[in-house]
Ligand code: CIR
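Below you'll find only one chain, the form predicted on its own, shown as structure tokens.
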């Protein structure tokens, strides 16, 4: 389905027949990839993404979110920010508030300008003002945050973040990111009190309260699997990880991600869910 058609489908979703008590997420903000998407930041060495194919894969992603009965808020492409479709890095959204981040890459700092007014319709706004933080380094599970100390999220940003969320009764555990761009490149919540993570992080004491599914070294990209309301969206082409995820007994949807992978991006990066 074309992106325009997918957007129209998303706006037609009716909320009245849903049991909201069973839904953690009812909305998602996404941004259409621009023609400049190949000029973004990357360490992947997989070549430049094809803009048309990137938008095709993005259209599949929108369709999935719509099929899961999320209302999808689609923002237009912004050629000034080639990484702009990775909207997750611009904010952290909780049931009570949203934190506008200050991305760690200077070239991405301006992306937050168009995200804040959209989120302000739904949540009280807080802000990271001095330090740096990418939303991809923040994993929320209930009233607990795991925050990655990475090349994009620094100690100052984590201190600001912690001061904000503790006011609302949240706990913060800091995880040093030794491999991968962001924390959620290597650790994700997949429902049923289970984390999908790499072997290097399986022994971290902060994760001791959870069951673990270990991603094999040759399929680490599949560690960026997205949990939405007891459904899993996972990259296609990673059979070992898929087999392990099936043991959870959840609905699993696979989708192509080759163009996002070229830019160090994954499924969680492409939306802000709330």
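This is a predicted model, so every value here is computed, not measured. Positions refer to the first chain, counted from 1.
One more form of this protein, predicted together with the ligand, exists but is not displayed; see below.
Novice: I'd like to know if residue 41 sits close to the ligand in the model of the complex, meaning any non-hydrogen atom pair within 4.5 angstroms.
Specialist: Residue 41 belongs to the contact set for the ligand.
Novice: Within 4.5 Å, heavy atoms only: does residue 152 come near the ligand in the model of the complex?
Specialist: Looking in the model of the complex, residue contacts with the ligand include residue 152, since a heavy atom lies within 4.5 Å.
Novice: Is the gap between residue 108 and the ligand in the model of the complex 4.5 Å or less for some heavy atom pair?
Specialist: Yes, residue 108 is a contact residue.
Novice: At the 4.5 Å heavy atom threshold, is residue 147 in contact with the ligand in the model of the complex?
Specialist: The answer is no: residue 147 has no heavy atom within 4.5 Å of the ligand.
Novice: For the three residues 89, 136 and 265, which mark the spot I'm curious about, does each lie within 4.5 Å of the ligand in the model of the complex through at least one heavy atom?
Specialist: Yes, the whole candidate spot contacts the ligand.
Novice: Based on heavy atom distances of at most 4.5 Å to the ligand in the model of the complex, which listed stretch, 156-164, 114-122, 181-189, 68-76, is the contact stretch?
Specialist: Careful reading of the contacts points to 181-189.
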